[in-house]
Structures are given as structure tokens and as C-alpha cells.
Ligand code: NDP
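First, one chain by itself in C-alpha cells, the form predicted alone.
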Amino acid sequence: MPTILFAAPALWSEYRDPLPAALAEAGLSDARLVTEADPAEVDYIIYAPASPLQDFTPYSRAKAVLNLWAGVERIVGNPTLTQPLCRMVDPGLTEGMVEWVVGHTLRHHLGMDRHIVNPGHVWDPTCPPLARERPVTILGMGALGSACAAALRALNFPVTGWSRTAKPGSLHGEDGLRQALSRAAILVTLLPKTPETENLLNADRLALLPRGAVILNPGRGALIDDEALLAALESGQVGQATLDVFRVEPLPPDHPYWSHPKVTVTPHIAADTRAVTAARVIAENIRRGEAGEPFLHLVDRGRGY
């Protein structure tokens, strides 16, 4: 009977019911799920970055730390963390991200803003091109990026994917990044935050985009050099940016993104972990740990995700 420490007290109310149900579905109804425990008795730690648990040293028996968030940048560098770390890949989160990306891609593709916000009542019968004439580039072809690419391709958008490492059907490396950016009428950023991806979209790389390109960033705020993006918006190099993530959240009231006419701010709502589906992911990983099977979504410490 494994002892499972739920070390994310702020989220306990969301998981109090779904998690025992998921454990029972996975054949782990005898598991001991607790919010406090002697570290020497803990077999698995369910974790979120805001957890008060920051020193993993006493948890020498723990077989894995199971993160409730997709992002692990706030835990992966913890020097006391020697246990295997698994990130959250939640089907509900993926569905939400696909809906946000497809929705805002269609919004910009169809030019919806000029009809929804039209204070001058201008009759503009300009017809947009078909989706097959509007190239989309996705930076980051993991689970989220691949799902978004599939949905956009189903609508006939030509999608170019770029990944930091070689993946079938995607560009990679610096040369590949330059090619991917040069094709992007709409650019979607879905990369994790690592030292290599911070400020990936700097002034030089923004200059590679076709003039007037649209940027959608539901990935990480640090992927974009904010000053470079504001300059590119002012010059017209970037036509519009819809941003869901920021270096500081909530976005400070005086940040220029709020008032910029070419920026749409959404308050980190592109995707969220759903407790019911996430609980099943956690339960399956615990089942695997108890059966001696490989964990799902194991973090590569060297790559940082």
C-alpha cells in the first residue's frame, strides 16, 4: 500500500474527490493519500511549484515526484530533487490549448476584429484568403504543439513545425528556425522556458518574419523579448500579437501591452490542468511505479523539460 503525499495544499480542494476516484480506477484503492506524512514513509509526492515543500532530501523513499503543472522550470533546478520528476501531460489541458490556438488563429485569419470592433461602422467587404493560403508556424512540437498542428491542418492551414531537437516532419536547429520564421504569416509559440529558449524571439528573429505577421504566445512569457516585440509592432514588422503568458503575472497595470492597439492580452487562460483528467494521469503513473513500469512524461533534467 503506497503512501502518497499531496504536497500542493492550495489545490487540495480540487483534487480531494477526483484523486481517490482515479486511484480506485487504477486498482490502487488501498493507497494511502495524505496531505501530511513522515517523509520516511512517503512513496510518491504530488506536487505544484507553489508548494511549501522545497527540500526533497528527507524523502529518500519516494519513487517519483509527480508535477500537477505542465511547466517544470520552477522545480527542475532544485538541487535537493534527486527523485524522478514527471510533468503533467493532461488531455484536458491539451484540448483547451488546441481550442485557444485554433480560435485565435481563425480570429486573425478571418480578420474578425475589424468587424467586432468597428466604431466607425465602416462597410469593408474585403474577403480573407482561404486557410490553405495562410501559412502557420508552430515553435515547439511536443504534445501541445503537435495537437495544435493537427487541428490547424484539418482546417487546411499549411503548418510548419519547429523543434529544438530533430523530430519527424519538423524543422530543427538554427537554420530550421530561420526557415520556419520566414514562412509564418501566423506564428504560435509553444516552447518550454529553458535557458536556450529565453528571448528566443529577439529583434533579429522577429525581423525574419514576413512583414505584418501575427504572433500568438500561449507558451511562456520569457520566450519573447518584450522590448523587441513592442518595437516590431510599432514599425509594422509584426502586425498583431495575442499574448496569454508574461514574465510577471498578473500583468502589471502599467505594462504597455495593456494599452497597445496591436496587442491582445488574455489572462493565462489558454490551457489549464483539469483535476478530473489530471488525477487519472497521476494515478496511472503511480500504478506504473508500483508495477515497476516506466513512468509517463519523465522529465529530462539535462533539457529542462
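When you see a residue number, it is the position in the sequence shown, counting from 1. All values reported here derive from a predicted model rather than from experimental measurement.
As for the form predicted in complex with the named molecule, it is not shown, yet the points below apply to it.
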Subject >> residue 197: touches the named molecule in the predicted bound form, heavy atom cutoff 4.5 angstroms >> reply: yes
Original post:
Is residue 134 one of the residues lying within 4.5 Å of the named molecule in the predicted bound form, judged by heavy atom distances?
Top reply: no
**OP:** Report whether the minimum heavy atom distance between residue 205 and the named molecule in the predicted bound form is within 4.5 Å.
**Re:** no
Subject >> Any non-hydrogen atom of residue 190 within 4.5 angstroms of the named molecule in the predicted bound form >> reply: yes
Subject >> Stretch in contact, per heavy atom within 4.5 angstroms of the named molecule in the predicted bound form, of 118 to 126, 103 to 111, 224 to 232, 137 to 145 >> reply: 137 to 145
Subject >> Output flag, 164, 218 and 270 jointly within 4.5 Å of the named molecule in the predicted bound form, heavy atom basis >> reply: yes
**OP:** Have a look at 209, 85, 97, 214 for me and say which one sits with a heavy atom within 4.5 Å of the named molecule in the predicted bound form.
**Re:** 97
Original post:
Which residue among 201, 149, 184, 93 has a heavy atom within 4.5 angstroms of the named molecule in the predicted bound form?
Top reply: 93
Original post:
Hey, which residues along 58 to 82 are within 4.5 angstroms of the named molecule in the predicted bound form, non-hydrogen atoms only?
Top reply: 70, 71
